[in-house]
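To begin, one chain is listed below as structure tokens, in the form predicted alone.
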Amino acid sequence: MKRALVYLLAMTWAILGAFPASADRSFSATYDTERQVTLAGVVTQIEWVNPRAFVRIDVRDAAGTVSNWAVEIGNPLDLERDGWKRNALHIGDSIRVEGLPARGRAKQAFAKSVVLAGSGKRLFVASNKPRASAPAPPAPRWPDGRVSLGPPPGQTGYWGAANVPSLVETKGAPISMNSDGLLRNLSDAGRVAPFLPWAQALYEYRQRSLLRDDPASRCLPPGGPRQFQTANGFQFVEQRELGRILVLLGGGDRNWRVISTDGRPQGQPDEVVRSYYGNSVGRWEGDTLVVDSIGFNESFWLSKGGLPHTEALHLTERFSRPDLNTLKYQVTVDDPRTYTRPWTGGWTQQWVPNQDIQEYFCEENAESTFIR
């Protein structure tokens, strides 16, 4: 009942325009990363909202006109990890914001830094710096010697962000793109994967439209390799007695995937029910988990940046853990209706120790806290 009331209140505020209401969207489609904006004003409202927190400030322009700006400061889970608490800022504080303006005419910005005007104290600085790395202990193992993909006994942890923004074919020189998977140079599209003409045209359209049609922006599950690019990471739950591995996602609207490891054969494509995560059958080859997946629907993008696929998609994924801190992910994409030949890409992901995945919401304004 309490959650229902909170949700109703959040939706009411959204309708009245108290804060921006949009789905979990492409950052590049929302903010102009080529421009900067400086705002100075008085805090009128603090919205500690999952998935994105906002601070509202009254800004006076050169003509004396006051406008209320919505300043996005990030996800509350990440802010709290970095030391920002909801009481670090108060209504009535005068602040200076350096950030990125929203596209279009909306009075909205994404903060790169927030400074208290009176004291000059820097409250917040956006940063993508990697976590400090410790010497890597060996990968944990089960009593029978098989590598474990989860935490060592008695500990917690999960797998964090990939070291690349999107899936591309592993060949040739690196391709420059931003964190959303948007190419710095659209002429590089043909190097991303061996597209058929229709697929490259669709990929380029998605790039030119700044990923506005991304199904993830409507909170649809992220299938295929995209599941490992969601906010808040993921974790493996190895249920060896049941012959399966669960992949639990910190983002993607709290979805999960089942990988069968009980020795069953892969089904026939025409018999498999189409889904976001497909029908996955895994086996161990030494210390590498090899997963064969078919039976995908076409309602998701294969990776950030807008990679297309069809129901003919067949994935072969390889997961290996050379040490405690590193997961190597490699996937071979075979979709003859979309690509001229099978192709392979991948990345590495870092272990986040001594933490559990927290509940990240895709829906706007879930679990809202309003401070006025």
Partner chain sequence: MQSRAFRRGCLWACLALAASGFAQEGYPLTGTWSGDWGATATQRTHLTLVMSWDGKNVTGILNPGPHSTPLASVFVDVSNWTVRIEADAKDASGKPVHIAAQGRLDDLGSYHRTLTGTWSEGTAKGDFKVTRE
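Numbering follows the first chain given and starts at 1. This is a predicted model, so every value here is computed, not measured.
Keep in mind that the form predicted in complex with its partner chain is not shown, yet the notes after this line are about it.
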Quiz prompt | Option from 138-146, 162-170, 105-113, 206-214 whose residues, in the predicted complex, bring a heavy atom within 4.5 Å of its partner chain | solution = 206-214
Quiz prompt | Among the candidates L246, A201, A117, L242, the residue which, in the predicted complex, approaches its partner chain to within 4.5 Å (heavy atoms) | solution = A201
Quiz prompt | Selected contact from L79, V272, L196, V258, since only one has a non-hydrogen atom within 4.5 angstroms of its partner chain in the predicted complex | solution = L196
Self-check item: Touches its partner chain in the predicted complex: R337 (any heavy atom, 4.5 Å)
Solution: yes
Exercise. Consider A88 of the chain shown here, and say whether it contacts its partner chain in the predicted complex, taking contact as heavy atoms within 4.5 Å.
Key: no
Quiz item: Heavy atom to heavy atom, is S299 within 4.5 Å of its partner chain in the predicted complex?
Solution: yes
Quiz item: Does M177 reach its partner chain in the predicted complex, with heavy atoms at most 4.5 Å apart?
Solution: no
Exercise. Kindly indicate whether R218, Y276 and H309 are, all three, within 4.5 angstroms of its partner chain in the predicted complex, using heavy atoms.
Key: yes
